[in-house]
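Before any questions on binding or motion, here is one chain by itself as C-alpha cells, the form predicted on its own.
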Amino acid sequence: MRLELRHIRHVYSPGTPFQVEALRGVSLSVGPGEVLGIIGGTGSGKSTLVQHMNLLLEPAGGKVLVDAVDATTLKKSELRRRVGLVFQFPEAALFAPTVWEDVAFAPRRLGLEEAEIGDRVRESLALVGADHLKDRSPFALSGGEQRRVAIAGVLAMGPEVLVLDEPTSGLDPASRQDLLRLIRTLRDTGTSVVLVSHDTDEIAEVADRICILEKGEVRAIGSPSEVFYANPDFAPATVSTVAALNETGWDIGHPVRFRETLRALAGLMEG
C-alpha cells in the first residue's frame, strides 16, 4: 500500500485568539515495505501529522491518499484498520483481564470468526515476542512487555502501515532494542512503518528515509545519509563523528548506521 499526504494543513482553534497553524502544507509519502522516520523538535508538528495518516484529525487543507484514492471516500473503520496508529504510551489503554483478550478485542470488533481471531492474536503476540504472556494479566507485566502487548493489539488488525509515535519513550535499553528489531521484522514482511522519535540514533538504525519537520513544514526529506549530513543539528552520534573526521581531510564516505560507521572507521585505521 502507498500512503500519500499532499499539502496537508492543520489549524488548532481556528478563528479564536488561540489559533495555531500546526501544519503548513506538508507533503510526503510512505511506500510499501518502507520505514519512514519523522524527526523534529517539540512543537514541530510530528504528532499532529501522523494523526492525519488515518484521518484521526481532519486536515484544514490538502489530501490524504491511499493507493491514489482519497481517504475521505473510505470508511473510517477500514482506513484505521489499514493504517494502524500507536500513540505514545499505548499501554495506558490496556484494559482486559488477560493479554489474549486484550489483543483479541480489536479484531473481534471487526466481526471476524473466532478461529481467525485466534490466528491473528497468536501471530501478533509471536511477532512482538509476547506469546508466552497470553494468559497473564496485562497489569502484571513490565513496562516493556505492556508496550509490546499494546502494539500487538494494533497488529492484530492487520494494518498495511503501522504508525508508531515515540514507541521507545520510557523504555529500558533492552526493550528499546526489542522494538527496533520488531520494526525491522515488520519491514521485512512487507508492512510499512512510520516511526516518530526524538532519538535520532535509533531512527538512523532502522529508517529507509527521513523527514525533518520544523514549525509545521518539511525542512528536509530523503535518505538518512542525504538528510543527516546536510542537517548536522539533527545528526546522530555516528554522523557527527564521521563529519568531524571528514572535515579534517579523512574522506570515509557518509555512513549512518552504527555498524556501517564501524566498518568505515576500521577501513580508515587499516589504511
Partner chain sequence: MPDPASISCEDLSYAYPGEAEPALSGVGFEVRAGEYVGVVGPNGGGKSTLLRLLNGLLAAGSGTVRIAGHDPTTEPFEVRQRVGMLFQNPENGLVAPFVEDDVAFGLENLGVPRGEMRARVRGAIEAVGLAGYERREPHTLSGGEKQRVALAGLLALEPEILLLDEPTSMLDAAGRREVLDRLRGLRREKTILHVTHHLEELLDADRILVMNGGELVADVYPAQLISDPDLLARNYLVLPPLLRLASGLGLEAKKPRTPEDLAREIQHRSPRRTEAR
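Residue numbers count along the first chain shown, from 1. Because the structure is predicted, anything quoted here is derived from the model rather than measured.
Below, we refer to the form predicted together with the partner chain, which is not included among the displayed structures.
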query: Non-hydrogen atom contact S240 with the partner chain in the predicted complex at 4.5 angstroms; finding: yes
query: Contact test in the predicted complex: G144 vs the partner chain, heavy atoms, 4.5 Å; finding: yes
query: Close approach of H198 to the partner chain in the predicted complex, 4.5 Å, heavy atom; finding: yes
query: 4.5 Å heavy atom contact, E78 and the partner chain in the predicted complex; finding: no
query: Selected contact from I183, A96, L171, L74, since only one has a non-hydrogen atom within 4.5 angstroms of the partner chain in the predicted complex; finding: L171
query: Contact assignment for the partner chain in the predicted complex, among L56, L245, V69, A230, heavy atom within 4.5 Å; finding: L245
query: Heavy atom contact within 4.5 Å of the partner chain in the predicted complex, the stretch among 57-65, 213-221, 42-50, 26-34; finding: 42-50
query: Residues of stretch 244-269 in contact with the partner chain in the predicted complex (4.5 Å, non-hydrogen atom); finding: A244, L245, E247, T248, G249, W250, F258, T261, L262, L265, A266, G267, L268, M269
